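Single chain ahead, written as structure tokens, the form predicted alone.
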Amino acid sequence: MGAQRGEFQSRLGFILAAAGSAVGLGNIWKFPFEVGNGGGAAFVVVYLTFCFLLCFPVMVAEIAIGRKTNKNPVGAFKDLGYHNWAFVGMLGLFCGVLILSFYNVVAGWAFGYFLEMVSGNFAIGKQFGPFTSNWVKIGLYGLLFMGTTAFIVSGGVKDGIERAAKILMPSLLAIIFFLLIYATTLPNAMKGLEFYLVPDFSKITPSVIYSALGQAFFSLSLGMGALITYGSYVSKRENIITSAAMITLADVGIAFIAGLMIFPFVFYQGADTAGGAGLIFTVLPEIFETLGPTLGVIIGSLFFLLLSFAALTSTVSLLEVPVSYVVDEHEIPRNKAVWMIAGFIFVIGIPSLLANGAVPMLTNFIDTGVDFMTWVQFVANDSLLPLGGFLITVFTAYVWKKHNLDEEISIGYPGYEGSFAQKLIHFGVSYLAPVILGILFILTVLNRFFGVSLI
């Protein structure tokens, strides 16, 4: 197996790669504006609770299924003897492809902003609409980004994914810590930190809980088969529980640090904390401009380079999922599979590329009031991810059975039986995750597609 499919050569390599899958635009772009919209620290408390009590058991289940079978998300269910459940893997595959199709567009924005910052164009924040509607320029950035992703994935597990993770993740951490240290020296930085760190629990509403759960599940790359795929490359020597805990801590830690970095910038400028996506793409360039021409270029360039690195660690895992499926199930050589699938995903991402003002029909897609890219996010992120997580936990607890899960986990963790970790995993996959993810899926479908809001 190791020679044919590849295998992570070290525990660190697996953790960095899996954490890189989780750490992405969701942590540095989406998390801060979700916090802003959710009222600050109260949202953070709810988010952290969901990450450790609900998402962590789901992550353990996905990694265990992958390691048990050494297969892609579709082949894993077949290998376990449950062919009728292979649709769950196919659902995750489909979801990951949809996410990468629009994620690559946003990654193109981040890379484009990096180039604009390098050139000292701070006015780009006021030109966000015209910038994103320039489909030729954004398309070229997206093509370059997809090409870089494909190049890494074509190198295989050891020489591609693991090697890139060992470079990108430390680089990402170095940049984010540098920006954090600088941000805390700015005027009003402490007010930003107070907003972010001191919770007002009266702000916890059903809407905040709903948003925090969705953010936690999306940011940890659950429900789409990415961690089943990465788990299939993990050695039997590894302790799944501690590895999953470190991945969760890395993901949560970087999202948390991103907030520590961004809110001092926001309060320094006196910007609206509930500014949505504008917190990153419209507000921050203006803030960087106030730092002066030299320092502003350095800080601004580093920030959007950070955003680009975070995006790349996720696009790699998103592409690896369909590649592993094609290589395993159809025996197509990896290099050919990578470039074929990358090209296909780039093509189906073109409507998302054109939906930001370039084509009016896609800007208000089928009279839904949202653009095509946002509509795809509703389908993939908000609907299919929680559905995939719900089905994986139901399968693990009630079809494959918990004793088989325990057996796989115990291989690298002899003291697992009877431990607190076992009780947490059992409670999570048997009751907490299926109930909460099932409710989340139903509420989302009613809200997004039928206009019925129950929160």
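Residue numbers here begin at 1 and follow the sequence given. Just so you know, these numbers come straight off a predicted model, no measurement behind them.
Absent from the display: the form predicted together with a small molecule. The rest refers to it.
Residues placing heavy atoms within 4.5 Å of the small molecule in the model of the complex fall in a single listed stretch, namely 26-34, out of 417-425, 400-408, 26-34, 49-57. Think of it this way: in the model of the complex, the small molecule has a heavy atom of just one of 303, 218, 77, 233 within 4.5 Å, and the residue is 218. Interface residue among 226, 244, 307, 266, judged by heavy atoms within 4.5 Å of the small molecule in the model of the complex: 226. Using a 4.5 Å cutoff between non-hydrogen atoms, residue 99 counts as a contact of the small molecule in the model of the complex. Remark: residue 17 does not count among the residues lining the small molecule in the model of the complex, judged by a heavy atom distance of 4.5 Å or less. Using a 4.5 Å cutoff between non-hydrogen atoms, residue 377 does not count as a contact of the small molecule in the model of the complex. Proximity of residue 262 to the small molecule in the model of the complex: non-hydrogen atoms within 4.5 Å are absent; the residue sits far from the partner.
Each of 22, 222 and 318 places at least one heavy atom within 4.5 Å of the small molecule in the model of the complex.
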